[in-house]
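This document starts with one chain, in the form predicted alone, laid out as structure tokens.
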Amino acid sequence: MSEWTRPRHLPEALELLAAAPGQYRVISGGTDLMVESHLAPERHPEFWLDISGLRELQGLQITEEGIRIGAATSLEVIRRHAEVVTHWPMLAASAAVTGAPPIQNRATLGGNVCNASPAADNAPVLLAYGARLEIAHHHGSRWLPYMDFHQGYRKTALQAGELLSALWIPYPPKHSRGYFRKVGTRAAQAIAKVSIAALIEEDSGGMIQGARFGMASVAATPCTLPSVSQYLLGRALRDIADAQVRQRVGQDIAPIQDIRSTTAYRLEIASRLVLEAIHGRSESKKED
């Protein structure tokens, strides 16, 4: 029989984790873990640590530098938040396509990150926006760029006794444009075959000053496109060769073939989406 523990506040939760490293399975919204426990009961943990009631992990705070989002904040709250919609519209869009509304009411942004699925819906957006993670432990906290969080398939940088407490996202550059797209088998409630978020910064002359990409379902982890970003830097849109972009996309990602799609399809669609993002042909589409 499983043991269920609900700490009253964050320090108590961190004390429990420190006292028994690796013993507890942390749960908040539980939208993924409950499915996993049903489909794979042999992986059902003996000890659960329920952090859904910790107020320190909930809510959004706007600062001069950006936004701080508590790890246990629901996707429903995030997608409807006026400041998110205005300043971080790609995050509002990705939260809106993470499952159906009942899922969004329970699922949390921190849970979507820590579940560490290669197809996580919000991961590309967090990578494109350059998010940082606040990771709490018994003796304090540490900061980690989100791009360093995923270290392998379903493997994260969280150490024993640590808990993701918040995500911090800076304001996008003033002269930047965002692009988000999720490609699935249907218009809603689909696991992404390929998804992408991009933040392209241009100067007044149309020269690219910065380009950050995030992708999911194209590698063992959510990933960036460093070769593509490097190629674009300092180039005007008219000077970008699509063939060069496609070549670099192939260097940056390693799609697998599975029940949802083939390797060739994922590579082709990923290349097309990157080119759409660069040339601004279409923005903030949610699903196909």
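When you see a residue number, it is the position in the sequence shown, counting from 1. Given the structure is predicted, the values throughout are model-derived calculations rather than measurements.
Keep in mind that the form predicted in complex with a small molecule is not shown, yet the notes after this line are about it.
For the candidate set 60, 240, 219, 27, a heavy atom within 4.5 Å of the small molecule in the model of the complex is found for exactly one residue, namely 27. Proximity to the small molecule in the model of the complex, defined as a heavy atom within 4.5 Å, singles out one entry of 120, 169, 211, 84, which is 120. Stretch 103-111 is the contacting one of 85-93, 125-133, 103-111, 196-204, since its residues have non-hydrogen atoms within 4.5 Å of the small molecule in the model of the complex. When the small molecule is considered in the model of the complex, residue 182 lines it closely, a heavy atom lying within 4.5 Å.
Put simply, residue 157 is far from the small molecule in the model of the complex: not one heavy atom of it is within 4.5 Å. By the criterion of a heavy atom within 4.5 Å, residue 215 is excluded from the residues contacting the small molecule in the model of the complex. Proximity of residue 78 to the small molecule in the model of the complex: non-hydrogen atoms within 4.5 Å are absent; the residue sits far from the partner. Although the small molecule is omitted here, in the model of the complex all of 31, 51 and 71 have a heavy atom within 4.5 Å of it.
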